[in-house]
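Next up: just one chain, as structure tokens, the form predicted on its own.
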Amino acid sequence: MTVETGTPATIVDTIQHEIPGIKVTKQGERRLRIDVARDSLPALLELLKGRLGFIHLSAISCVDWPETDEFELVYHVWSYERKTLASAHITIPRNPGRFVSVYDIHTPAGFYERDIHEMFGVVFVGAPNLRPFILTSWGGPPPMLKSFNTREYVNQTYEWVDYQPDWLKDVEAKGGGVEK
């Protein structure tokens, strides 16, 4: 593997030369924000990993933007050699909420894609496993959507029960407990 050396400015020049039409913003001494068209993301990740040494995918995060009817996906990659974090930002339409898996570029993407699928409903085409792993018996909509109303879901799904265990009765009898 050949890693091009240089300062963040050299990294920016390389990225902009190889993938035209992207916006790179230096956000600190060792942080780059890269806004890229969704179709160019796999090529950007390949370039960052293969030629620029950003070999560690540390996270993929998702933001729900109902005002624009989009999801923002952010791919955070780290270079140990440069001690620099690059965050690649893309947007995808909320409907249908589909994007290509980058598992073949960064294996840890499988975990992050599975989590985003479970919490936001985004489908990653080609992902090896999108089965639930936290909400295994969940029957509701993706809970991290801004449109998800927790109180409404709880009221429609569960019956309220007055919880009065014996230990709490004992505490209250001794003058403690929750004020009413």
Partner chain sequence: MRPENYRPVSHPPSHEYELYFGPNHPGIEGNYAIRVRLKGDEVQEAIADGGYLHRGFEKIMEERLWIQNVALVPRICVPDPVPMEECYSRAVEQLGGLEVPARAQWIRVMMLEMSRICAHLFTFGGNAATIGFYTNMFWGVSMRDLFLDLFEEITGARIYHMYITPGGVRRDLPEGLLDRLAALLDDLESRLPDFEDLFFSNTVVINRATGTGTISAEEALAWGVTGPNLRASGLPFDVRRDDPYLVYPELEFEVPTMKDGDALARMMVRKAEVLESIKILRQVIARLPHIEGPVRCPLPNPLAWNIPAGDTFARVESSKGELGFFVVSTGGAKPWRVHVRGPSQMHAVQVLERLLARGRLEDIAQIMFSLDACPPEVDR
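Residue numbers count along the first chain shown, from 1. Only a predicted model underlies this, so the values are computations on that prediction, with no experimental measurement involved.
From this point on, the text means the form predicted in complex with its partner chain, which you will not see here.
Not displayed here, its partner chain is approached by residue 85 to within 4.5 Å at the level of heavy atoms in the model of the complex. Taking the partner from elsewhere, residue 52 is found to have every heavy atom lying beyond 4.5 Å of its partner chain in the model of the complex. Residue 37 falls outside the set of residues with a heavy atom inside 4.5 Å of its partner chain in the model of the complex. With a 4.5 Å cutoff on heavy atoms, residue 66 counts as touching its partner chain in the model of the complex. Contact annotation for 120-139: residues with any non-hydrogen atom within 4.5 angstroms of its partner chain in the model of the complex are 120, 131, 133, 134, 135, listed in sequence order.
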